[in-house]
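The chain below stands alone, shown as structure tokens; this is the form predicted on its own.
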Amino acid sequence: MKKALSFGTLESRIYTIFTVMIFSAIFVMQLVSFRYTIDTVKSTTIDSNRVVLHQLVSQMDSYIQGMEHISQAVTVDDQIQMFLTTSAEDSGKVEMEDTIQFIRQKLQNYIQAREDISDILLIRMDRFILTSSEDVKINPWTAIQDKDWFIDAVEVGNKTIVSSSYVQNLIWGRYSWVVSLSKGILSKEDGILKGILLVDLKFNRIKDLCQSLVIGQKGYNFILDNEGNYVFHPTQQLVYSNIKSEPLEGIMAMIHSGEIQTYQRDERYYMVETSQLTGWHVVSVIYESDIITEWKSLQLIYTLIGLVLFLIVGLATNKISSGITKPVRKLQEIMQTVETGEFRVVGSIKATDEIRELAREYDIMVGRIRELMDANTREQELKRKSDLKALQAQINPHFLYNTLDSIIWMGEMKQNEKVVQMTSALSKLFRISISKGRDLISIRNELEHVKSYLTIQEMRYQDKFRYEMNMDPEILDMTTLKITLQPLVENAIYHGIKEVDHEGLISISGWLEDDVIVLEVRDNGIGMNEAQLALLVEGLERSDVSAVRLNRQGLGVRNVHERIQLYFGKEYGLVCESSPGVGTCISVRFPASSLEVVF
């Protein structure tokens, strides 16, 4: 099962760091892209609005020019020229009345032709005012000479003056918002100012123009004159009531600077274009919410794109981090085999150059360790063999001394036949002991070895003991460590049977228990009490028990035990049983193996 991702692992750290870095990059890119999109859309919208504003100003100029054409047609009309230059006394009252009616009819025609014209008036320099209809009465309380449009028209002569919006109170009973076109009427004959033409325009056409060309649902247009006074505003009543206001200072600063093209206040953008004909400043207002109408959809799209990118990058980062750390984990797993002594090598590995170099160095180190371990094993083997030979060397001189002593004794007694028999047995015993330097021999040879030893001892201790052998034929060709039984038999003779008055019996038997061979040497000697047995057992297990304390129980027994364990392992060795007056039984246990396997 794959291990849970822990922040302490290299993979988790690479994954986390890469993910955070790439997520930050994506987040920044999203912000930049989003900001760039917003700015582009805003710039495009503002540019479009500027074009629309230019169209609005052009249409408005065309409209004013149309009115000027009407004014021009009126000012050059012969009847009107005659009306302005001839008094009633000069032309006769009846004729003047006819002229006035004729002129009124013309003015009515103009008014009826253009529904956006509120009224048309002719003012003679003697302050006589001719209205477009007899029903239209002049407000007697109005000082016409104080009106701005009148003063400007008198001042500039034959040039059209366009006023700001104002409440016209010249006509009795009418108080409507109008924009006035006033123009001086010059005599065709001498060019002297004879009167003023006043054309009052309704807001309808200007309002329609301003409302027809707007951007967005909240956008609107309004008009200012050079002094910053409102000529038109779609919510003019609210503006004059100070319920609604516009940032006039900022707008006028933008107008006068001539460099700033857009003025922003809160979420509103102001753009201005000035009419060269009227001098009006047409201000277009656009709201930011109208620029990006699909603001939420745009945010959702960018969020979805960000999430998709993050998901893709997350999967890619996981793949990359796994690819980087997988060889490291494999290398770690192989390195952990050192703890168990397995010492596996990495070999070929698909990874980066650094990790491959690390794996190569590790394999070299493991190879070197293996060489050192093999060398150590060989040294241990040599040491073990050396120890075995040293242990054997401790036995042989002891036995040889006793045997030669017997031979000398029999020689002195002239028992030549026995000398020959004992010498022959001794020769066979040493031949088998040498065994061409081998440590392992067959159990059959081991039995021959111990028989030779018993032959010698029987001749030394006449009628003191007898022996019997009961070996499982199946194990005769299996191997045993040489000189295993002889020390045990020697121990039975010297420390068991030698001390009793009756005939001793030494039983040597062997059998197979599963894969373990058991050789047993049993005697009916004096046996050992618990303390003596404990000392013997302790001497077998602890090498620090002195030879002096083991002298009675036999140093040779411990040598056999040590040799068995040294050769076959600690789980094998000798098992001792003994009871005082009953005898002693020592069993040897070692693994079953045949000579073919050993040699």
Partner chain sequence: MKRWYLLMSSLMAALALFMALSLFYDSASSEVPAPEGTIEIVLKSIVGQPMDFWDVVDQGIVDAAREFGVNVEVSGPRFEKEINSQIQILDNIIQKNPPLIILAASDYKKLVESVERASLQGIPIITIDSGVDSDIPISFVATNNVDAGVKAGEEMKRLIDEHDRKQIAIVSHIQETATAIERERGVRSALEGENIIGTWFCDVEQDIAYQITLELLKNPDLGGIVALNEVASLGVARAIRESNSKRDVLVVGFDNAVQELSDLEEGIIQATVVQRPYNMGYLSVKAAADYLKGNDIDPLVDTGSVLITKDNMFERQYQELLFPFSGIK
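Residue numbers count along the first chain shown, from 1. Being a predicted model, the structure only gives us computed values, none of them experimental.
Omitted here: the form predicted in complex with its partner chain. The next part is about that form.
Contact annotation for the candidate site: Phe430, Asn524 and Glu577 all lie away from its partner chain in the model of the complex (no heavy atom within 4.5 Å).
From the list 217-225, 461-469, 490-498, 78-86, the contact stretch for its partner chain in the model of the complex under a 4.5 Å heavy atom rule is 217-225. The closest heavy atom approach of Asn559 to its partner chain in the model of the complex falls outside 4.5 Å. Interface membership of Val419, defined by any non-hydrogen atom within 4.5 Å of its partner chain in the model of the complex, is ruled out. Remark: Phe34 counts among the residues lining its partner chain in the model of the complex, judged by a heavy atom distance of 4.5 Å or less. Proximity of Gly306 to its partner chain in the model of the complex: non-hydrogen atoms within 4.5 Å are present. The listed set Ser509, Asn229, Gln105, Ser257 contains one residue whose heavy atoms approach its partner chain in the model of the complex to within 4.5 Å, identified as Asn229. This chain is displayed alone, yet in the model of the complex one of Tyr270, Tyr110, Phe310, Phe150 has a heavy atom within 4.5 Å of its partner chain; that residue is Phe310.
No residues of 357-375 lie near its partner chain in the model of the complex, the criterion being any heavy atom within 4.5 Å.
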